[in-house]
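What follows is a single chain, given as structure tokens, in the form predicted alone.
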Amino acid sequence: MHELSIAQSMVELAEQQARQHNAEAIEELELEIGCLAGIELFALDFALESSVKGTMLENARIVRRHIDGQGRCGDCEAVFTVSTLFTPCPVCGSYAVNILKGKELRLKSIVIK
């Protein structure tokens, strides 16, 4: 379950940033997670729940923003929504698709107290 190591890394990063700003606690953590990032959301929720115990994030609100997938066809240049990494171009059927959005996994913002 790689979601546990991801959750632990997010907690460590958030705490590091909060300490640099002399914060007492973290009130909110905002995450951006792309639909193509390979993250099981229920597993990440569970991992975050256990990872925040005893940390500055213990009472923090965790906000998740979903990012839809978007790709551009390498053959015909069409831009379209993708739901998997291997979605063919709906215009020409090519599988030469460059993913533009949807693979993100980022800690977008931290609200400290």
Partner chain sequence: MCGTCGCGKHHHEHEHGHGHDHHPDDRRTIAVEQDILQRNNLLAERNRGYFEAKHIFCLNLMSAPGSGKTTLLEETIRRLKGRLPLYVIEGDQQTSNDANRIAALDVPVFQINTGAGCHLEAATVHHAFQHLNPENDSLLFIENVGNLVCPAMFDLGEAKKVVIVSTTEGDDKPLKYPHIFQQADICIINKIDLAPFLNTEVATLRENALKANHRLLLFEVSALQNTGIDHWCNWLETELTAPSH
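Residue numbers count along the first chain shown, from 1. Model, not experiment: these values are computed from the prediction.
Heads up, the form predicted together with its partner chain isn't pictured, but that's what we're talking about next.
Taking the partner from the other structure, its partner chain in the predicted bound form has a heavy atom within 4.5 Å of a heavy atom of Lys103. Taking the partner from the other structure, its partner chain in the predicted bound form has a heavy atom within 4.5 Å of a heavy atom of Leu36.
Contact annotation: Phe86 falls within 4.5 Å of its partner chain in the predicted bound form, judged by heavy atom distances. Shown alone here, Ala96 lies within 4.5 Å of its partner chain in the predicted bound form, counting heavy atoms only. Contact annotation for 98 to 113: residues with any non-hydrogen atom within 4.5 angstroms of its partner chain in the predicted bound form are Asn98, Ile99, Lys103, Leu105, Arg106, Leu107, Lys108, Ser109, Ile110, Val111, Ile112, Lys113, listed in sequence order.
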